[in-house]
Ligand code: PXL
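We begin with a single chain expressed as structure tokens, specifically the form predicted alone.
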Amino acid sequence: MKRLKRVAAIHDISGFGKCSLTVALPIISAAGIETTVLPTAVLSTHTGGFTGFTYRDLTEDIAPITEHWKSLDIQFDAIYTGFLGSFEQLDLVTRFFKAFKTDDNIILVDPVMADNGELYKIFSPEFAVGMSKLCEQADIIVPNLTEAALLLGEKYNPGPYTEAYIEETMKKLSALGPQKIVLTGVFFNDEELGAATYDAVTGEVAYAFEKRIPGYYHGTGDVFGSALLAAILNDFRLNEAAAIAVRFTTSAIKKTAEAGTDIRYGVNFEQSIPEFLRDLKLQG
């Protein structure tokens, strides 16, 4: 039997509403990978569409957890970061990278900070500069088109896009430091939506599209990023992993739309896990 791989997932956790750790933990675990979690905050619900939610910041716990894990000589095959709520957390995660990065593992950063052309209200423009510095240390980054523009200090382009624009954007992002780029929210027409990938080592560019489903669904970026990492750790190439993640995310959105689920609740990814595992060749 193969050695069990292990991921350190550094995200916030919302008790209700599927995003961040409540998405990463089940998806990566279902793919046969041990998922160790380092919560950055605990919320009663996620913040999209809900009011009156509770929020407990766990910034003060990050360093002690890092030190304890280091004392135990815990090793990780991947470190996966998502929403980070402050400059202090960016700094603490940088220290975590330094403590646990090896020649054999990978760091995947999802620079969660913006969407639909706008920076999230809790962040200042300076935060994008701090996130850019974190991305410099990553092996793989997974920004959407809004986040890509912020990381590069460029004006947001709402699309539709051209291959030339997407490929130039990915090469600029790679110049920040990460060798592999996965760009989400890519579309060349109104019928399809998906992701683009770029490997700076091989120079390979690839695209993965599925039929667009109208509407905005919370947590899909976390579903995509978790599925992408799970596929990579199951030895799929970057372009193959992105295609698997696009199919899984689209399937979850489709099931959510068909069920008429309140979009604030997140997507019904649980019902698409069997398809995901078949894609990973982990289930017959």
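Predicted, not measured: the structure shown is a model, and the values here were computed from it. Residues carry their position along the shown sequence, with the first being 1.
Keep in mind that the form predicted together with the ligand is missing from the display, and what follows is about it.
Can you pick out, from Ala30, Leu38, Leu43, Leu238, the residue that has a heavy atom within 4.5 Å of the ligand in the predicted complex? In short, Leu43.
With the ligand left out of view, which of Val112, Ala138, Val186, Ile79 would have a heavy atom within 4.5 Å of it in the predicted complex? Comparing distances to the ligand in the predicted complex, the residue within 4.5 Å is Val112.
Listed range touching the ligand, judged in the predicted complex by heavy atoms within 4.5 Å, from 162 to 170, 112 to 120, 67 to 75, 95 to 103: Result for this chain: 112 to 120.
Quick one: is Cys19 in contact with the ligand in the predicted complex, heavy atoms, 4.5 Å cut-off? Contact with the ligand, yes.
Is Arg247 one of the residues lying within 4.5 Å of the ligand in the predicted complex, judged by heavy atom distances? Contact with the ligand, no.
Closest heavy atom of Asn234 to the ligand in the predicted complex, within 4.5 Å or not? Asn234: no, not in contact with the ligand in the predicted complex.
Close approach of Phe83 to the ligand in the predicted complex, 4.5 Å, heavy atom: Contact check for Phe83: yes, within 4.5 Å of the ligand in the predicted complex.
Taking the ligand as it sits in the predicted complex, which residues of 210 to 237 have a non-hydrogen atom within 4.5 Å of it? Please list them. Residues within 4.5 Å: His218, Gly219, Asp222.
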